[in-house]
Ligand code: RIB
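In the block that follows, a single chain appears as structure tokens, in the form predicted alone.
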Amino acid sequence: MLKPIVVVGSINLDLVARAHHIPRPGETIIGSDFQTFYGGKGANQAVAAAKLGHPTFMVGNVGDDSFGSELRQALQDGGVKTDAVKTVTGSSGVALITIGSSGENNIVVVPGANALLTPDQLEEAAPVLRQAGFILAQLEIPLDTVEYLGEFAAKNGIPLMLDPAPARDLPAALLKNVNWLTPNESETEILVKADVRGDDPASTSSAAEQLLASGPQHVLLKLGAHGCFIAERDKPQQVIPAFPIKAVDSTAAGDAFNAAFAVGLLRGESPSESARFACAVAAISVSRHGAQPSMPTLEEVEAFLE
């Protein structure tokens, strides 16, 4: 029997505006479209894993506003078990997203209820967390909660995958408890304080080695159209190419990747096989609009890979 994935993180409503380009500072532009989608890096990863047919639990918060019940229902509709999702006083998390015509985006996240996810709440959710075959986390919840989660995962022998987004400096004690660290290019640059380019193998190799030396057991750099770069201790580095596809919306592509990578590993696939599977899931997601609505089913991914 497959052990479940437990995602600890943010649950947001995404307010998405589309325009010809992302406005520069001080610039007002006319948009072409506006939509709302269910999002949040945590919820996105949970729905992505569940839609791939893997048993998935979410640990997080929604507000007691009108968005909260919608966000909970969206998780349940996506196949996610929400026993450990609490309703707290105040607003739910919101993300303001602008998308340009070539699929690029910028995002402002207002944490709301996500900021109230505390270590005490993780203690309450311990029965759910202890079931996990993999715990997935991000940085849209308080850092002390993520640090506590790292200690919990290490103490209970559960692998922790950390998506260090939004990027920030991370404590060495947390990094030592991370099984897989999965930054994208810009997040990697912030973590290593150096330029990193997906089309420059020397820069990606150097960054991955620097991140490995900081504590995590494994590092995977998500490089968008350049695929991903895997670095493990005492093993050859690997580059897994991306699938060529026309991107219409890159929102949540990294979340789709992380969920699929964890699913692959829990099914006994190697890191390279899991990364190829995750690249396919991410490719399908960027060909569709929205965060959670863009996540493919396992059948769709298998057809894509064939």
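Note that the structure is predicted; figures quoted are calculated from it, not measured. So that there is no doubt, residue numbering starts at 1 and follows the sequence shown.
Heads up, the form predicted in complex with alpha-D-ribofuranose isn't pictured, but that's what we're talking about next.
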Item to check | Residues 97, 109 and 291 all lining alpha-D-ribofuranose in the model of the complex, heavy atom within 4.5 Å | outcome: yes
Next on the checklist: Just to be sure I understand the contacts: of 275, 62, 263, 252, which is the one whose heavy atoms reach within 4.5 angstroms of alpha-D-ribofuranose in the model of the complex?
Outcome noted: 252
Checklist outcome for this item: Note: alpha-D-ribofuranose not shown here; in the model of the complex, the stretch from 238 to 246, 265 to 273, 22 to 30, 39 to 47 having heavy atoms within 4.5 Å of it is 39 to 47
Item to check | Any residue of 119 to 149 that, in the model of the complex, places a heavy atom within 4.5 Å of alpha-D-ribofuranose | outcome: 140
